[in-house]
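In the structure tokens that follow, the same protein chain appears in two forms, which are kept apart as structure 1 and structure 2.
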Structure 1
């Protein structure tokens, strides 16, 4: 209503302004103004009437829409009631059918449980079996049978029996097939592999491990000793029905898996730490001396045997020859004591040379076990420190000290025993050479005594 009044007031204010500003306007102008205001009023009334008609039309339309929605709602409610009746009827039918199924299945339900249990057990066996490396498709088959939710059919039961029979048959076969092999460095190559039952897989002289999670063959990071690998190589290169010995792992890879964790010779030496290295240095020095002495005594023994075959010509390259030279140079002496002193001087000098290094070998042979004992003590001290700090709950914390104690003890004995035997061997050879020189010297002195006696007679 305010919008309708405002134009009227505006025009009124304009008319009054005209009256007060121009009082001398004619009567026609006022009449025209009146006509215009009246026309605007009628136009405004017609516009409002039109809008009212439109509003009423829209209200009727909305009312009709409301009636339609109510009708649809009523229809849907009637449909819901009908569907509920159908659902209840279906529930009743389903219950009757389930009861009928249970009645008809009877003992087949128990058969279904046994089938699923056996299929599940075989699935875990096949998953870890190396036979699956050659027949990977059977894993999908056993998985499908193990996850079946319906009563198994006769073909499915025959399929389960077939894969079980295959596992039994392949456990006693030696089979060759091509497969991808992953090296310890991570590189992959394709090569023929030989499967020995359900126990081992090899390629060449290399033992492989079956990774069930990835269904791949992987080279063991650490291979067995040479004889075991030789048997693998013999089996790999064998043809036909040839029978060859083969080192089999009856634990199906468990022992080979422990081989990876066992320390090598170098790692065991490292467990001895500084004391172990010192013992090894002592052993190396001792063995170098032993080798040098063995070569030296062998040469001297050879030259002395050659000198024994020719006693008329003294050679200067051996102790016996030098003793003979001293005898011949002083043979003119008629004093046996003086002649003996001359010979003893040369003999003692050569014997000292022959015995050189034997005392050092004995000392090293005695030091080695003592150093091993030192390593044992230091290792046990470390073990007790670990027990004090961490307790006895984790044996791995004590393994380092115990390993050092045992390894140093072993190293000490390994060094001492051969050094001691070598020392005894070298001493016996020196004694044999000394005896040979002494016998020859005594014989020459005796001959000289006979000559002196003949001269005096």
Structure 2
């Protein structure tokens, strides 16, 4: 009974009512139950027959619709056939026209290819050229021309050769214009700059680098030597049609770029490491002694010259005067041997004072090249250690030791040469002074001897 009533919801309720009311209706007769069931069965039969009627009616309706759609499909298929014929006809027309176009374009196609290629080449040239710093708009122009997909028009072609001509003309021009310049520290300032052809841009005595990726002018962090910079300054301040010599970089900035990489004097000195610094200390000490000696000797010789002019009054501030004082003090002795011994004592003391430091300078001048040699050897040891560890494949690993070896040699020689020269200079000066003192002493004793001879006579 359950399987039968499942499709009918209303019936389910009825059955439940039957099940649940059964105990209630237990006292009622089975007659009543039968009456109810049969009534329900009738109702259901009536309901089903109406539904059947409905289904039948709707099935007819659907069949009619199917008929309609089939007719429509047939019509559309007929249309498709017609359209396909038109399409094929058009296709042949199109291929005819394309053929006609190709025939008519002919050599022009090649021309357009060349145009595009040239425009592309010029774009990369303009991108790196410093002329673009003066005319930034032309970069957009050339980019538009190089990337155009369509066939270029005659005005576009004229535009291309006019910018090419401009580049050629500007490469022979020195022009002055205002531009933003970025300092090495990152600050930007606006200044008039001078562009020399396609080679260099300067402002004042400062060489600038054209940063093509950002299209900015950047001050080179390391500038070339003074004479080159002053030539830039001359050009910058030159007016009108005057001709001034100017040091330009024919490689369009790459030589100046290398300059940034090359070590400065200070960095070179640093490459000498400890030995290098020690040599510099030796040199500084040596030069200080030399300067002290030079001043001292100059002062002594000046005082001695003054003393020579005025032999009557003995001054205490120079060897000659001291010697004369000793002579006058011991004049009464009348014993020439004792007198000359006294004078010699004074002379020796002064000579020792004059010669002081000379031997140190000589020793330092001898030590400096030896220290250079020491640096060379330690640098070579470093190099060979690097070779032991890494092999000879990478010269950069060996560079530190090699540069130390070379720089210390240079430093040793640079320190030794002036020390040697000044040592010779000083010793010849001391020799002259000591001879001067000796001569005067001899002369003075001789005069004394004459005096003694006179008194005896």
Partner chain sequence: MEVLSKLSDFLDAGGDVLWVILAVTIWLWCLIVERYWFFLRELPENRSGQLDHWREVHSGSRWFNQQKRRQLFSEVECSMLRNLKLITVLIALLPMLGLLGTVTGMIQVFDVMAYMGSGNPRAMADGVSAATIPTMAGMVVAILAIPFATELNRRYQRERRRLHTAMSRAE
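Just so it is clear, the model here is predicted, and its values are computed rather than measured. Numbering follows the first chain given and starts at 1. Basically, rigid core = biggest C-alpha set you can superpose within 1.5 Å across the two forms.
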Choose between structure 1 and structure 2: indicate the form predicted together with the partner chain.
2
Establish whether a shift of 2 Å or more occurs at the C-alpha of residue 207 between structures 1 and 2, with the two forms superposed on the rigid core.
no
Compare the position of the CA of residue 147 between structures 1 and 2 after a rigid core fit and state whether the shift reaches 2 Å.
yes
Is the C-alpha displacement of residue 421 equal to or greater than 2 Å between structures 1 and 2 once the rigid core has been superposed?
no
Angstrom displacement of the CA atom of residue 159 between structures 1 and 2, core fixed
3.6
